[in-house]
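The chain below stands alone and is given as structure tokens, in the form predicted on its own.
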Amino acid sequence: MDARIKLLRILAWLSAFFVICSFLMLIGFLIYHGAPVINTSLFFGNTAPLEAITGSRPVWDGIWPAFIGTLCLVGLTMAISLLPGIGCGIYLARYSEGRKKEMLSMAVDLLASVPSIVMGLFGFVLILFLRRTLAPDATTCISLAAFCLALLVMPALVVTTRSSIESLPDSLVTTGISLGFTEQQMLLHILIPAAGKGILGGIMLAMGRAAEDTAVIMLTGVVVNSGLPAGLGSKFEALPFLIFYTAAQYTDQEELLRGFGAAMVLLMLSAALLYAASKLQRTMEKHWKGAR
């Protein structure tokens, strides 16, 4: 038995070492190639930064439109998916029972298993259907891409919300009932704040997936050199597609390094979102513990 425990411990250490080394190699590779090119020229090219930020002049050789397009896409995706995703998770954890719960859980699992390219094809076919029926002028755009991404990331919100609430101790519910809380008050003031860390983890997973996915947006509205998003029905640029396009179509070393710089910026954006979520989670925990 001791030999088996030692073997398992060695395998665990080797697995952890492999994960850490892989992570460090990936980050080091991106930093080595991408960090030297991160400057105002990478973002704005030959356009003056103020003119590029205000949109008074287009940016043709910088990643600023793709950066803003990614932020708009992630924000719109989360605006569409947050309420139904978290709401469905709460419903499964607190209210759904029996056959209905099994069927809804299976539907969430099936939605989670849909490949991103299939979701992109769904969005493309949806536009074709709308053109032939309700909206002859319908076209691919940022709102369609956000809707398809919302369907793609919603299962993560549902599962993390459900598991976070179901893992809470029964004493919290008992305490709420003994204090005379209604079900709504118990959810708002006890259960959701207590499960906030897990829910925010699901939100981060969803935001990361929305920020990095390429297959969906390729078929639902992303276009190279389309400029800043002009509205919900407009084409847009995004960092993942810019990186993919640059890797496939680059013509010189400078353009390839710009792709590495875009990858570095996307990584930094994901890290910034993670840091903001962790700060928000700690603030929520302090507020909740202080309220108690």
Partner chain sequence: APIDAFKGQKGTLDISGGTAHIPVMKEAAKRIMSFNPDIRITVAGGGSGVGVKQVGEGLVTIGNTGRALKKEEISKYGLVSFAFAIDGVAVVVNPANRINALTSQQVIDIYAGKIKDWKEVGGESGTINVFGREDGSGTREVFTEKAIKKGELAPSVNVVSSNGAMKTAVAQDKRAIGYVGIGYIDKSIKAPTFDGTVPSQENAANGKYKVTRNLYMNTKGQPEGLTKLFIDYIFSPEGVEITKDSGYIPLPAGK
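Positions refer to the first chain, counted from 1. If you're wondering where the values come from, they're calculated on a predicted model, not measured in any experiment.
One more form of this protein should be noted, the form predicted together with the partner chain, which is absent from this view; the next part is about it.
The partner chain is not drawn, but in the predicted bound form it has a heavy atom within 4.5 Å of residue 138.
Interface membership of residue 61, defined by any non-hydrogen atom within 4.5 Å of the partner chain in the predicted bound form, is confirmed. Residue contact with the partner chain in the predicted bound form: residue 41 places no heavy atom within 4.5 Å of it. Although the partner is absent here, residue 71 lies well away from the partner chain in the predicted bound form, with no heavy atom inside 4.5 Å. By the 4.5 Å heavy atom rule, the three marked residues 223, 234 and 248 all count as contacting the partner chain in the predicted bound form. For the partner-free chain shown, 124, 127, 128, 131 of 117-131 come within 4.5 angstroms of the partner chain in the predicted bound form, judged by any non-hydrogen atom.
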